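First, one chain by itself in structure tokens, the form predicted on its own.
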Amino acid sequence: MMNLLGIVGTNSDHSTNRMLLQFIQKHFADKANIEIFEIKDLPAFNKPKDRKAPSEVQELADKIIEADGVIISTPEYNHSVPAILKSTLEWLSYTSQPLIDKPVMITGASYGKLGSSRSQAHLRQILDAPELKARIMPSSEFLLGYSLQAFDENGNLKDQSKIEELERIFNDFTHFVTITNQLVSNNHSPKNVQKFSWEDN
């Protein structure tokens, strides 16, 4: 079975993005093993002289490397991703760069109507940077608006049409993961990628 890592892209204690990932984990349990990772306690990025990440950041990097694919769920703060998510990605890009060639699906929940559309677009730009170079599933995004009203008391999505939309996207993502990892394996054995270095700028 496919192994995926879900990253809660916020440090909020009461997050509908966490609830969304928990629903995905439960709803697709027969299709993939999904581990959810919290970044809320990670330290703010501070460029280390030895290019080594703190142990808790390295733990995340190791889980990304081991996973077949990654799902990042982000809220929208001021038309962008939360600072904690940006900081986490800066740690990963400056140290072991585990997201290079890693299949990534982006989801997002927000209290308003648009469902984190701007932050998802921003996250795509960030993940496409040479320091990260993730393989982002194209032409697909799951937007959950009015997220405070979207779940029932058991943490399940209430809108059947949104569940069906999520099922289509998740099914596409599992195919994308399989195809991407086969492509990467054939082209880079092992990962023969020239990694971007911040020091070259």
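Throughout, we count residues from 1 along the sequence that is shown. Quick caveat, the model's predicted, so the values are computed rather than measured.
This protein has a second form, the form predicted together with a small molecule, left out of what is shown; the following refers to that one.
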Practice item. Please name which of the stretches 98-106, 125-133, 68-76, 85-93 has residues with heavy atoms lying within 4.5 Å of the small molecule in the predicted bound form. Key: 68-76
Review point. With the cut-off set at 4.5 Å between non-hydrogen atoms, does residue 110 touch the small molecule in the predicted bound form?
Key: yes
Practice item. Decide whether residue 16 counts as a contact residue for the small molecule in the predicted bound form under a heavy atom distance cut-off of 4.5 Å. Key: yes
Review point. Might residue 180 be said to contact the small molecule in the predicted bound form, defining contact as any heavy atom within 4.5 Å?
Key: no
